Structure formats: C-alpha cells, structure tokens
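One chain comes next, on its own, written out as structure tokens in the form predicted alone.
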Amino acid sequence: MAGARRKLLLMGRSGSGKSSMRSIIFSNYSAFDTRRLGATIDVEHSHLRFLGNMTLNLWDCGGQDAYMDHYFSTQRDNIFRMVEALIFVFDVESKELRKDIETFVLCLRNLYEFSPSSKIFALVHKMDLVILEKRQDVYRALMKSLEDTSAMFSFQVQGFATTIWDESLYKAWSSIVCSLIPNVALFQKHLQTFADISEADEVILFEKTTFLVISHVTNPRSPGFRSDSTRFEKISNIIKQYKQSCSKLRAQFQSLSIRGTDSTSYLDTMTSNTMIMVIMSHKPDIRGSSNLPGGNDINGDGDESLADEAENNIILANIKIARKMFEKIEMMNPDDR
C-alpha cells in the first residue's frame, strides 16, 4: 500500500519551545543540547518515517509576528489545508498570554475552514518554571479557557502540561502520535495476547527511533506496577539517553536486560521500527520460598542462574514468534483490519 502521510502543524509564539521539543523527540537532542538552537525561520519542514508506512510531515512554524501575519493572510490555504493535527505550544510564563490565545483562535478559525476534522492539542510548556504548588491551578485555568474557545469551532482540545526536563514531553507526544496510528487497536490486541502467553507483568511497545510509547499492557494482578502513572515515559526518557551515550561511544544499542530484586526487564527489537520491553516478576517457585529453610537460596545459585537463563530464552523465543505478526500489522492498510 502507499504510505500514509500525516500533516502536523507545530505552532505557537516565538520562544515558546516548539523547536526544542521537536529536536528532543525526533532528532535525539538532549535538553541541554537545545540551548544552541536558534529561532525558526518561516516554516521548517520535517518528513519523519514512523512505523514503516506512516510519514509525519511536521511543519514547525516560526512564531515571530511577521511570519504569523503571513500564515493568516497570504499563506492560509497552504498552511491550514489537509492538516491532521495542530500542536499549539503555550509558554506558561508568557507576558502576552491574551495575544497567544488570540493566535490560537485564528488557528482554529482557519482549521475550521480548511481542515475541519483536525485534532487539536495544546501543550502548556515550561511548567518547570512554575512553583510546584501552583502548577495544577495554572494549567487548569488555561485549559478551561482553551476548551471553551475550541468548542466555539466544534473542536475538542486535548491538553498536556510539559517541560523538556522530564518525561512529560514523551507522554504528550506519545499521545499525539498514537492518535494518528490507524492500527493502534490492533497493536494493543496482539500485545495483550503476547503478554498473556508470556505471563508477563507488563509489556510496552516503543517506536524504535523516538522511543515514543505506541501501546502497553499491564497484568491486573500486578498492582505494584501501576504506582507511577508516568513510568512508560520515564523509561522512554532513560533509554533514549542511554542510546545517546552508546552513540557517543560508537556502540550500537540492540538489546538490554536488567535484573532487579523483584523483577527482570527485557528490552529487544520487535520489528525494524519497534522495540518491546517485557517485565517479569520473580516467581516464588523459581526463586525459592523465604518460608523454608535457606530462604531464596533454597535452589542454590546454580539453579537460580539456570532459571534466569530459561526465562530469558522463553521471552526471546516469544518475541521471535510474535515478530512476523507485528511486522504484518505495521504494513497493514487500515481498511484490511
């Protein structure tokens, strides 16, 4: 099938942080690296392959007044036609918030005319600059205004509080991109099957380059894994930084396994465009029972090592078996589901 193209508008006032977040998510910049970025000149186009068949056409629109005037006058048709999603970035410390909202309204008005089925996302950015006790109040107040404004044009806006200094950026962009993936429900269905067969506590599917979360499954009998609602995005952030460290050492990142006190995590390639993380809690019948003499050492270090190796081989074998199905889903036409 022909590749699906998704046009995304990244808009907001100059200095709001648009190019910084784009560079972190799609160009492997660290938060510190973004300090050397200059202002965006007019519109910067990025064509990003995502999951094989899908291409994200990201239009990073410069936020200076002169450019904004052109977007809403002579370039209206070019900018706002065939838009799949608008990502509007608000600087939470902007001194001209009223003007920022007016610009947002102009975007909605033009999308209503040229792309009425667009998805609307608002990122309330640089939240790290707001004192912790006031963050929720500041975010909710702005989002209430944006929701009321969007409703006037029959749009629903989805908001996120973000900063480049933590995992909130990955949470926002994972949600945005997943809303554009036509087969995301099919990914979810087969990831659930994989988790059930593997008896895994948690399974997460990542896009390989950006490490955005595509889908995840949690075993309801493992409530401890749900204690942190941003754990997937934290993993994205950590692994992305680890990959950058590998690149600096001219080493290629391929797979990873981490054994903790209560669980072991396996990270491996699922398809050419995705990676999968499988989290397995340590089973008492494998590790021994602390109620018996000798505690966790009842089977001896040798038996425990063999059990670890057996579990590792089973998980890798399951990934290998599932690989063909997930590759098929990636290449599938949405009409064939």
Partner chain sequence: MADFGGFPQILSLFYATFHPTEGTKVLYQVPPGSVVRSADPSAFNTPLFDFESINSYIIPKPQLCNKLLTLRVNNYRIVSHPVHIWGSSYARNSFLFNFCFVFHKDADISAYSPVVRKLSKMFQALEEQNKFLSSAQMSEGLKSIVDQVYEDLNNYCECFIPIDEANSINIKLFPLHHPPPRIKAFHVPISTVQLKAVMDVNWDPTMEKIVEFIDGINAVRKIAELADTDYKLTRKCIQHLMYYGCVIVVDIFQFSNAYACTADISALAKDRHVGEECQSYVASPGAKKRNVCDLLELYCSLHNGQTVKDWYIANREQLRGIDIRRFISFGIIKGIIYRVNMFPVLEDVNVAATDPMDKRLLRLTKKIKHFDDICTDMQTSRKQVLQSLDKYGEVVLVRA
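Note that the structure is predicted; figures quoted are calculated from it, not measured. Numbering follows the first chain given and starts at 1.
Here the subject shifts to the form predicted together with the partner chain, a form of this protein not shown in this document.
The stretch in contact with the partner chain in the predicted complex, judged by heavy atoms within 4.5 Å, is 64-72, chosen from 48-56, 64-72, 308-316, 265-273. None of the heavy atoms of Ala31 is located within 4.5 Å of the partner chain in the predicted complex. Shown without its partner, the chain has no residue in segment 169-191 with a non-hydrogen atom within 4.5 angstroms of the partner chain in the predicted complex.
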